[in-house]
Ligand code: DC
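Have a look below at one chain only, the form predicted alone, in structure tokens format.
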């Protein structure tokens, strides 16, 4: 039977980097479930689909014109056969993703595809509702967080933007994610909470791996 570890948290908390590193060390697969919403956001924007129309977005979820693929480095997204992964990880697409992910029927439509990522493999899944909704029975759950200013600095360095601009956009997204009615961002029950504000990547990875080893006896 497959084992699943979930790593949730707000934007730019470091959960993607941590999950990728831990998965590599364990030899497990990993997925960023947010890539499904970012992929949908990119596709909907590119095709001129009304971002406020839940029925139109649900139909877009079913389209074969965009796909998600797992890889060791990134969760890849293809649109019309073109790799658009770098584009979907922009702050602008992230804001749209947060908007479209508020629709319950959109989340329901993408849920099974996210769960299918664990079929036949040991998986680390990172996102905003992995431990609460996507894999509520996961073997181990983490919640990675950091201060708003710290997260904004990280994202600003990644995108080459002013910290103030990123922090403002991030605050809007945090509010959308935590206040949406369907699967809001929250700490999963029984999750290990790790504040990365004063930690570097390898310190966080070591802390997560210690908890994994202690819990699963790997």
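Residue numbers count along the first chain shown, from 1. What you see is a predicted model, and the numbers here were worked out from it, not measured in a lab.
Note that the form predicted in complex with the named molecule isn't included here; everything after this is about it.
S.K.: Can all three of 141, 191 and 207 be found with a heavy atom no more than 4.5 Å from the named molecule in the predicted bound form?
M.R.: Heavy-atom distance to the named molecule in the predicted bound form: none of the three under 4.5 Å.
S.K.: Among 37-45, 58-66, 157-165, 22-30, mark the stretch whose residues have heavy atoms within 4.5 Å of the named molecule in the predicted bound form.
M.R.: Of the options, only 37-45 has residues within 4.5 Å of the partner.
S.K.: Counting any non-hydrogen atom inside 4.5 Å, which residue from 97, 123, 77, 146 sits next to the named molecule in the predicted bound form?
M.R.: Only one listed residue qualifies here, and that residue is 97.
S.K.: Could you run down 170-191 and flag each residue that has a heavy atom within 4.5 Å of the named molecule in the predicted bound form?
M.R.: Residues within 4.5 Å: 173, 177, 180.
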